[in-house]
Structure formats: structure tokens, C-alpha cells
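So this first bit is one chain, no partners, the form predicted alone, shown in C-alpha cells.
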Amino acid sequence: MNFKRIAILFSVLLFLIYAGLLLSLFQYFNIGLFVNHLFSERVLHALKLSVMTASISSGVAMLLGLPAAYAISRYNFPGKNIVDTMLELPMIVSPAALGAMILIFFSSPIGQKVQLAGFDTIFTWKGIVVAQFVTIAGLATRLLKAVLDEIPERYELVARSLGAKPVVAFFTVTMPLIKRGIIASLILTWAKALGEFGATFTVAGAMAMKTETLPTAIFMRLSTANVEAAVTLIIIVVGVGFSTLYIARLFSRGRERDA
């Protein structure tokens, strides 16, 4: 057996593992119960809350991540390696630990002042946004940096040599070239935020009709042995996830054609 066949065999093996997990859901699938659970007030509220918080957190992560990614991709500055390494924190620390760090921060004098100023975070939807943001901000910056690294800096240098200021060169030269990559990064970041559980559960809890997101709702249904309802929620999350991945790949392919 040659190397090509071995590599393909392992790819098929991994596919079968995940396909088996998905197919196992259907032993508890009942179309009538699925529809009832899907359109229940509690599930619709969890879906609405998840979409809203994921949209806010991913939007903020992209707004902050784009200039941060540009700085890391284009410039050398003191402490760059430290900053770059710190962005890996959400990838090496568990979401539950990140949630605990958020709780500890808001228990500190600075965090208490933030909450007294009106940004009440613990056990509120704002806490969900904060937890999601902390979890995905590093990922958003990483994705955007990868997009920027694909665009040669000489394009901007040519624009500057013709008299354009750096900010003008960025918006008129670089932005049109990376717009598909930005959209793809936003979609992937949004999907990650939608499926976040550990930090969200730690910071905001799981209060029904208040701070119960889709991943939290799955945990709550399983904790009460309501497997059929949990399967409904899992199918929703998987369906949304695959849809966003498909859309992100469409934009990535379009970006490759443009390049």
C-alpha cells in the first residue's frame, strides 16, 4: 500500500468517526418531537439569544482584531512576540478557565467599578457577550492575520510612493483585496461564538429564558435526561455550523480566484 492510499485511509477513518457520531443522534430522533421542541418558546429564546450574542461578540472581535492583525502582520514593534503569543491564550486555556478568569476580574476593584458604571456582567446576557468575545478574539485576530499575510506589502508601498497616506492605502488597496477573507473570518468567528459553552456557562450561568444559550440548553437537557430535546438542539447547532462553514468556504474559494 503506497503513501497516498494510507493518507486517504486515515482521512476516511476520521470522517467515519464524526459521521458515526452524527448518525447516532437519529436513534433518538422523532420528527414530531423535533418540531415540538424546535418551536417551543424556550428553544426559540435560546436560539435568539445565541444568535444575538454571537453577532455582537464576533462583530466586536473583528473590529478590534483587524487593526491588531494588521499591526502584527505588517510592523515590527517592541514586545511583538509577547503580544502575538498572548493571542494564543484562548487556544491553550480551557473555556471554563477563561470564564473563571473573567469572574475573578469582575470581582477585582477595577471590575467592580465597571459593573457599578452600568456594565453588569455576571449572570446577564452581557456576560455571555464578554465570555464569547474573550474566547474568540484571539481566533479572529489569527484568521485576519493569515488573510493579511497573503497580500504582498508592496501593493501598499506603491500606493504610498504615489502620495497616499498609510490609512488611505489600507482602505483603497488592501481592503478590497481582503474583503472576502474578512467575511470568511467573520463567519467562522461567529460560528465559534455560537457554539461556545464553557466560559459562557461559568460567567452567565444557565437561567432559562434569560442566559440559556443553545450549548447551555443542550447541557441542561442532558442533565435532566431529556435526550430527545438535547438531540433537537444538537441538530440545530450542527446545522447552523455546517451552513456557516459552507458559506465561509464559498468566500474562501472566491478569494482564491481573485488572487
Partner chain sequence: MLEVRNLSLHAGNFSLRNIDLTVERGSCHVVLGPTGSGKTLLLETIMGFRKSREGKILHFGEEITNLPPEKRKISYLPQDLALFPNMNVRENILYGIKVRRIINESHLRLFEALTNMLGITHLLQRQVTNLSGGERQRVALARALVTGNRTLLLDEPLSALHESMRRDLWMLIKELQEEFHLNILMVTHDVEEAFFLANHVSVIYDGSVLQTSGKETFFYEIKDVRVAELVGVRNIFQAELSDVGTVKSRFFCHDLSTIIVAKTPAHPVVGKKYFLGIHSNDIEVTKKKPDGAANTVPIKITHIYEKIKSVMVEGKAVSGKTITAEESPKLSKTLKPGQKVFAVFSIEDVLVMDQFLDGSIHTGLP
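Positions refer to the first chain, counted from 1. All values reported here derive from a predicted model rather than from experimental measurement.
Another form exists, predicted in complex with the partner chain; not displayed. Remarks below refer to it.
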| property | result |
| --- | --- |
| Any non-hydrogen atom of Arg160 within 4.5 angstroms of the partner chain in the predicted complex | yes |
| Exercise: Ala169 in contact with the partner chain in the predicted complex, heavy atom 4.5 Å | yes |
| Any non-hydrogen atom of Ile122 within 4.5 angstroms of the partner chain in the predicted complex | no |
| Interface membership of Val173, the partner chain in the predicted complex, 4.5 Å heavy atom rule | yes |
| Residue stretch of 183-191, 80-88, 161-169, 99-107 approaching the partner chain in the predicted complex, non-hydrogen atom distance within 4.5 Å | 161-169 |
| Heavy atom within 4.5 Å of the partner chain in the predicted complex - residue from Val93, Val114, Leu177, Ala71 | Leu177 |
| Residues of 135-154 having any heavy atom within 4.5 Å of the partner chain in the predicted complex, listed in sequence order | Arg154 |
